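Presented below, as C-alpha cells, is a lone chain in the form predicted on its own.
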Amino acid sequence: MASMFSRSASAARNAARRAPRTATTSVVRPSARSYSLLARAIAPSAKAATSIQGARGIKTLDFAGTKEVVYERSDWPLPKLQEYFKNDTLAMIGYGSQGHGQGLNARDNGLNVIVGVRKDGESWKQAMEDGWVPGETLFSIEEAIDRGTIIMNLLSDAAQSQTWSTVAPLITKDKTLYFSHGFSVVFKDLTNVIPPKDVDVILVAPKGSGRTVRTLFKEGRGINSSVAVFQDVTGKALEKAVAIGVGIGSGYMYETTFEKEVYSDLYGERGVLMGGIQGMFLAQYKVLRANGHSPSEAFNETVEEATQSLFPLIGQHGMDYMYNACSTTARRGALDWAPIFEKANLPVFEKLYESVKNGTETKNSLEFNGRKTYREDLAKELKEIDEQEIWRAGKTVRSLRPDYKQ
C-alpha cells in the first residue's frame, strides 16, 4: 500500500514540476482517494472506519483524575483538511529535522507547501533532493514568507533569535505565525522574538524528532503532539492549530500553553529523555567495569536489556506490566530500590526545573548554539561520547542483532 501511495504522490509532484510557473504559488494536490491508500493500510474496512470515526472525535478524557481535551486525526478526514486550507500556502521556514518531517507530511497530505531557506546552503540542497523545486516550491526565506499565509518558523531556536529582526516586518496582517517550540516566544527577553499584535500565533509541538514524525506518518500512524495558542486574533487560532497538526502528521493532540510546552520540553530532554539516561547508563556501566565485569556484560546489563527488552514493555503496557514480566527476584529488587533512586534524583530534577524556568538553560543554549564554531564544538562533544567505552562496546553488541543494519 505504501509503495502505491508513494507512486501516486511522486506522480503528483512530477506533474507540479512540469506545470507552467505563475505569479501565485500552487501545487498539484494528491487526491483524497490517493491519500486514502495510506489510511486504508491500517483501517479494517471503509465501513468499519466510518463507524469508528462516528464514535471518536474531539472529546474530554480522564487522565489520572484530571480532565483533558484530546483532538484526533479522525476529526479531519483528508477532503475536509484540503478544503480547509485550499486558500492557504504553508511557508516552511527552515528545513532541519522538523522542517523536513512536517513539510513532507503536509505535502503528501495534499496541502500547498513551500520551503524557505538560505539559497544554495546545505538545507537548500537537501530540500532539492526531497523534490522541492527552486522558484516553484523552494525559495529564499524572505520570498517564502511573502508568498505564504501560514508562516511555519522551524529554524533552530538560536537562528530564530538571530533572524527575527529580518523576519518580523514580513509577518504582515492576515498571516498566521506558527512554531513547534515555545522557546523563542516565552523567553522573548533573551531572544527578542516578539510576534506582531495583529496575527494569530499558534504552536504544534510533535512529541518526537522530525524523523519520527515522518516515519510514523509513512507507517500510516501518527505522532502525539501538543497544541497551543499564544495569540488569537481571528477567533479560529486553536482550530487552525489542530488542523495543521493533522496536516503535519499528528494522530492525537493535547492542549497546553506556549510556556508549559517549553518548560516541559527543555526539562524532559535534559532529564529522563536524554541527559539523565546517558548519565545513569554511564554510572552503572562504570561501577560494573570497576568490579571486574567485561565490557559486553556491562553493556548488555545496562543498555541492551533496557532498550531491547524492558523499555518496549513499559511503552506498550506500563511500568507495572514490565515488573510482572520479570522474575520475582528482579521484581523485588526493583521495587525496593525505586524509592531510593527517587529520593536521590528528586533534588536533581528540582534543580533542573528551576534552571529551565529561570532562563538559565535558554541562555546556555543561545550562547552555545549561536557560536560561529557551533558545529565544530558540537562534533567534538559528540565524538567524546562516541568514544566512551560503553558506546564502543555497544557497537559490537548491536552488530550481533539479527536485524542489525550498518
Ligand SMILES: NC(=O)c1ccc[n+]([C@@H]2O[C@H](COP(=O)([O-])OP(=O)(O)OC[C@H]3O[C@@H](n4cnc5c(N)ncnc54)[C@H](OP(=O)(O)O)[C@@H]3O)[C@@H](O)[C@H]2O)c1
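Position 1 is the first residue in the sequence shown; the rest follow in order. Just so it is clear, the model here is predicted, and its values are computed rather than measured.
If you look for the form predicted together with the named molecule, you will not find it shown, but the lines that follow are about it.
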* Quick one: of Asp157, Asp200, Glu72, Asp88, which gets a non-hydrogen atom within 4.5 angstroms of the named molecule in the predicted bound form? -> Asp157
* To do: Sort through Thr302, Thr163, Thr256, Gln82 and report the residue having a heavy atom within 4.5 Å of the named molecule in the predicted bound form.
  => Thr163
* To do: Could you tell me which of 335-343, 374-382, 60-68, 349-357 sits within 4.5 Å of the named molecule in the predicted bound form, going by non-hydrogen atoms?
  => 374-382
* Asked: Is there a non-hydrogen atom of Arg221 within 4.5 angstroms of a non-hydrogen atom of the named molecule in the predicted bound form?
  -> no
* Give a yes or no for Pro169: in the predicted bound form, does one of its heavy atoms lie within 4.5 Å of a heavy atom belonging to the named molecule? => no
* Taking heavy atoms and a 4.5 Å cut-off, does Gln98 contact the named molecule in the predicted bound form? -> yes
* Asked: Heavy atom to heavy atom, is Gly318 within 4.5 Å of the named molecule in the predicted bound form?
  -> no
* Asked: Is any part of 108-124 within 4.5 angstroms of the named molecule in the predicted bound form by a non-hydrogen atom, and which residues would that be?
  -> Val117, Arg118, Gly121, Glu122, Ser123
